[in-house]
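The chain that follows stands alone, in the form predicted alone, written as C-alpha cells.
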C-alpha cells in the first residue's frame, strides 16, 4: 500500500517515532489523526503540519483508557473519511534489573505496550473490515526476540504483541487487511536519552522512520530497524537456551 494521500492514525504521536512518522507522512499528503496524552505537544505538532498544508486531527487520550480511545478512533475515522492505516506506536520502555522495577512501572509497561496496543488495533479493525481494506501496524522491538538483561517486562510485553500481530495477520489475510510488525533496535528519541552514551548502533529517528515507512508501503510482515540487526538478533533465537543464557548474562548488571 502506497501511503501517499492515505488516512493514517498514529498513537504516541507527540514525540519520538510517532512524531517523526507524522512529519514524514505529512510530506506524503497523508491525512493524519494523532493521538497522545500530551495535549500541548499534539497541538504544537498540529500547528506545524497544518502550516505546511496537512490535514491533522489531534486527540489527547491515553491508550489505556479504552472508552476514550474508542471515541477518538471513531471520530478520526469519520473526520478523515475512513482510516487506511493505523500505527499502534505508543510505548513505555523502562530498562533495569527485574528486582529494581517498581509495581507502577511494571503495570504501566503492560498497560501501554500490550493492552494499549491491542485496544488500538482491535477498535480500528472493524472499521477497516467495513471499508474492505486497510493496514494495521504495531511498533514492537528487537528486544521482543529473546529475554534481554534489563528487559524482563519490556521484552515480555513486546513478545506478546508480536504473537498478537501474527495471529491477526493469519486471521485477516483473506479479508484484505495487512498486518505489519515493526521491530526497531535503539532509536535516538527522548525514551533513550538516558542510555544513549552506552548503546552502540543507535539510529537517528528520521532514518529509522524512513525504514519503517518503506516496510509498511511494501506490505512486509515484519520490518526490522535496522534490518541487519533484526536478522542477527533473530538468529539468536536458535541458540540453545543454556548457551544463550551464558552469553547474555555477561551483559547483566
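What you are looking at is a predicted structure, and each value in this text was computed from that prediction instead of being measured. Positions refer to the first chain, counted from 1.
The form predicted in complex with a small molecule exists for this protein as well; it is not shown, and the discussion that follows is about that form.
K.L.:
Tell me which stretch of 22 to 30, 45 to 53, 213 to 221, 59 to 67 has a heavy atom within 4.5 angstroms of the small molecule in the predicted complex.
P.N.:
Of the options, only 59 to 67 has residues within 4.5 Å of the partner.
K.L.:
Report yes if all three of 96, 151 and 155 come within 4.5 Å of the small molecule in the predicted complex by some heavy atom, otherwise no.
P.N.:
Result no, not one residue of the spot touches the small molecule.
K.L.:
Check each of 108, 131, 146, 169 and return the one that places a heavy atom within 4.5 angstroms of the small molecule in the predicted complex.
P.N.:
Only one listed residue qualifies here, and that residue is 108.
K.L.:
In the predicted complex, does residue 112 have a heavy atom within 4.5 Å of the small molecule?
P.N.:
Close contact exists here: in the predicted complex, residue 112 approaches the small molecule to within 4.5 Å, heavy atoms only.
K.L.:
Does the small molecule come within 4.5 Å of any heavy atom of residue 118 in the predicted complex?
P.N.:
It does not: once the small molecule is placed as it appears in the predicted complex, residue 118 has no heavy atom within 4.5 Å of it.
K.L.:
Using a 4.5 angstroms cut-off on non-hydrogen atoms, would residue 15 count as touching the small molecule in the predicted complex?
P.N.:
So residue 15 counts as contacting the small molecule.
K.L.:
Answer for residue 139 alone: is it within 4.5 Å of the small molecule in the predicted complex, judged on heavy atom distances?
P.N.:
It does: once the small molecule is placed as it appears in the predicted complex, residue 139 has a heavy atom within 4.5 Å of it.
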